[in-house]
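For reference, the chain that follows is the form predicted alone, supplied as structure tokens.
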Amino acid sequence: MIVGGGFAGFACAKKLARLFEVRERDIEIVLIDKQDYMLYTPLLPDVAGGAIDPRFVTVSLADALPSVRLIVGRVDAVDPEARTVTVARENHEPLELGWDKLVLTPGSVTRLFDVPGLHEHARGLKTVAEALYLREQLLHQLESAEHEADPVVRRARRTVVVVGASYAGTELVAQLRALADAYADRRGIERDEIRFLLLDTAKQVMPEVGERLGEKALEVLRGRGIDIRLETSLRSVADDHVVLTDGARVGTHTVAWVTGVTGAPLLDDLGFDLERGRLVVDEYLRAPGHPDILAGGDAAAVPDLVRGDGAITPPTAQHASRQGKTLARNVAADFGIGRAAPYRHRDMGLVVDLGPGFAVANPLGKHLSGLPAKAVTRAYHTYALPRGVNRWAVTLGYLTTAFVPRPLTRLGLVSAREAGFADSEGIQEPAHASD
């Protein structure tokens, strides 16, 4: 039984199905997820920026895993002793299912801090709903600003605050800037009238790619008019402004919080040891004291055997996909197919898309920027998508935006509530948040 159909769970189910089929083993694989698709999260900034249709970044689990039993629902409880899980399903009574081997890959959610108003007024970038809402919210505020007589309110509507200058937040602000530029050009507005602030408590942008590429990205983003304030975050958030940690008050109606992730809320109720919100596992991805329970991806604190010194692997799609394959191998070994193996990786580097005509990347340690990095970045994402139909659709999307302006239509598909942390990610507001 696999809980979670993200990168790790998807890769695990796919490899297990292949291993069992080759060995002609009659073993049922059950995959439980609250969605019926695997979401390719690295392309969510492109969705928010209107460069790619959201359908293209979702991979149908039923189509991609035809031999796997799919249950669409939310796992509310896991009983390690009884070897059961309880699944909540829409329009049905809760379902209790038994398992022989349990693989926990429920993924992660946005890491929130105790910032007044954050849960209510900010939005993350972990789901399709959040990405679509950020796009629609930006367009809505820009349209409203055109009819706003009060210059202070108009300026607030034309101001976007993104918190988190890691690769996800940096990609998001770059794509939203590109969408805003397209809007300004077609509506006869000066681009610099639409203001973007990128905040982070770190001392540099995207520390994951190194100082050299981080400085290059900083230069490009500032050249596009993005106000980047390092060693700065939010003190509070309201519906029409934010207060920064340096005391500055900034009027805005659009706040994106992209500061990192923590393990899915399900992990808190297991009673197992957690590290940084992730389930502690050994190098074989097994939960200590529970050899029949394994975990991987963003939900697991997997020892980094390459770095050593007690380090754990970072929560990236690259690690999650590879850990999914290791999970499959080690589960299969328990059924007499092959041998179990520890998770060990080779860092392939990162790719970061910074909007039209620019990207930074460090594949295999080689530093690239500009158009060469752009080509590598798009080629990597196209290759990494699990299904051919998705690769084809994303490629067409890239080609379309290269020659045709981004669409500015606002469809109203996602409400503010649906894109909130509670509905979209299952993060409940702390009881003391309103105190």
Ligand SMILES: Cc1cc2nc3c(=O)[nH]c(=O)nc-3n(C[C@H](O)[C@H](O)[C@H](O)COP(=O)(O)OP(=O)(O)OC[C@H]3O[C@@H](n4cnc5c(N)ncnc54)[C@H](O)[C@@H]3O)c2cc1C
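Note that the structure is a prediction, hence the values are computed from the model and not measured. Numbers for residues come from their place in the sequence shown, where the first is 1.
One more form of this protein, predicted in complex with this ligand, exists but is not displayed; see below.
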Touches this ligand in the predicted complex: Gly73 (any heavy atom, 4.5 Å): yes
4.5 Å heavy atom contact, Gln35 and this ligand in the predicted complex: yes
Any non-hydrogen atom of Ala180 within 4.5 angstroms of this ligand in the predicted complex: no
Exercise: Lys126 in contact with this ligand in the predicted complex, heavy atom 4.5 Å: yes
Options 142-150, 334-342, 297-305, 241-249; stretch whose heavy atom lies within 4.5 Å of this ligand in the predicted complex: 297-305
Candidate site Ile52, Leu112 and Leu134: all three near this ligand in the predicted complex by heavy atom within 4.5 Å: no
Position in contact with this ligand when the complex is considered in the predicted complex, options Ala317, Ile228, Ile312, Leu274, heavy atoms within 4.5 Å: Ala317
Partner contacts in the predicted complex for 323-352 (non-hydrogen atom within 4.5 angstroms of this ligand): Leu350, Val351
